[in-house]
Ligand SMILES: C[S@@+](CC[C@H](N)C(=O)[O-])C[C@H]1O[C@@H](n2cnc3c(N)ncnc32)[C@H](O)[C@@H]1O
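The chain below stands alone, shown as structure tokens; this is the form predicted alone.
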Amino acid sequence: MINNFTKQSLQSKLPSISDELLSISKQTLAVNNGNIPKWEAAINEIKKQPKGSIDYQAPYLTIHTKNNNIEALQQSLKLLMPWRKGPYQIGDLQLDSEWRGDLKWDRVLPYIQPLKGKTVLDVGSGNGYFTYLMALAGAEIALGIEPFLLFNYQFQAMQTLINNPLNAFVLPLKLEQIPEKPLFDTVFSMGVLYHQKNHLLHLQQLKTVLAEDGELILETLIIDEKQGEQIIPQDRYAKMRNVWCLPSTNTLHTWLKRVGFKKIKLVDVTKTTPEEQRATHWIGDNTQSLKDFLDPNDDYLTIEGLPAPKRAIFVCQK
């Protein structure tokens, strides 16, 4: 299915790097992962289901299929748990993911340049929920990159159900594997920065792949100014191991300016709530979500006593 990427890339700015991206992707997918037979079996079963068109009917990315075997479809999709990003609806089946991605998209969309005709990169795309929304917004091509293999299979599951797939793709790549060429008109990095040990390197890499005057949409965890310039968690943050730094909005503005971005705008700050991140029966055996990560006596603190998750969106240009 990823081979369709080569054909579509010819309509965008990406032909010069498409072969390299596909070569790396195929090597990644060839790894010895004990879950792959289960995931591939799920995909093969999903292929037996009817296909339909896709559109966005908030909060769901909706695939308009008819006469699905709902029980079989649900069983196959549950072999691909946990479903973090979404939600999706396939025919009469509602796949309520842990995150309500529509709420984030509603915060982002009013402040960005139109995506129509653009070559777009979605860094840390997960299963491609936002990548699909970018394509539906008119992107010439929307490329999601996601190194976690399970989420690539989730994207493939959705692609399998669409009778006329959008110009949206998810490849098992890391940002540092994208050739250092300024090819993308718009780059999204949402929920990625705080997982980077070297935050300035991540910002520099985002800038490198942006076209001249291209736009970066950066969404990440932040802290209030009163809590200092930044917090470096000593162990876990909201039960996550790999959170390296939580900056204030002023500190993050300084980082963006230092890397060389211009027209830097802070367009939104929102406290994460259980409406947006919550446990559903689509997240698998580990049923904990946001409410389990917070201090039970004070939802402005995490279970570790740090400031509760709050997210900022910055929009800036190269």
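Quick caveat: nothing in here was measured; it's all calculated off a predicted structure. Numbers for residues come from their place in the sequence shown, where the first is 1.
Form predicted together with this ligand: not shown, discussed below.
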Q | Heavy atom distance at most 4.5 Å to this ligand in the predicted bound form, all of Gly124, Glu176 and Tyr194 | A | yes
Q.
Quick check on Tyr237: any heavy atom within 4.5 Å of this ligand in the predicted bound form?
A. no
Q: State yes or no: in the predicted bound form, is some non-hydrogen atom of Tyr153 no more than 4.5 angstroms from a non-hydrogen atom of this ligand?
A: no
(Q) With a cut-off of 4.5 Å between heavy atoms, is Lys85 one of the residues that contacts this ligand in the predicted bound form? (A) yes
**Q.** is_contact(Phe169, this ligand) in the predicted bound form, heavy atom dist at most 4.5 Å
**A.** no
**Q.** Segment assignment from 186-194, 109-117, 229-237, 69-77: heavy atom within 4.5 Å of this ligand in the predicted bound form
**A.** 186-194
Q) Which pick from Leu133, Leu161, Ile145, Leu95 sits with a heavy atom within 4.5 Å of this ligand in the predicted bound form? A) Ile145
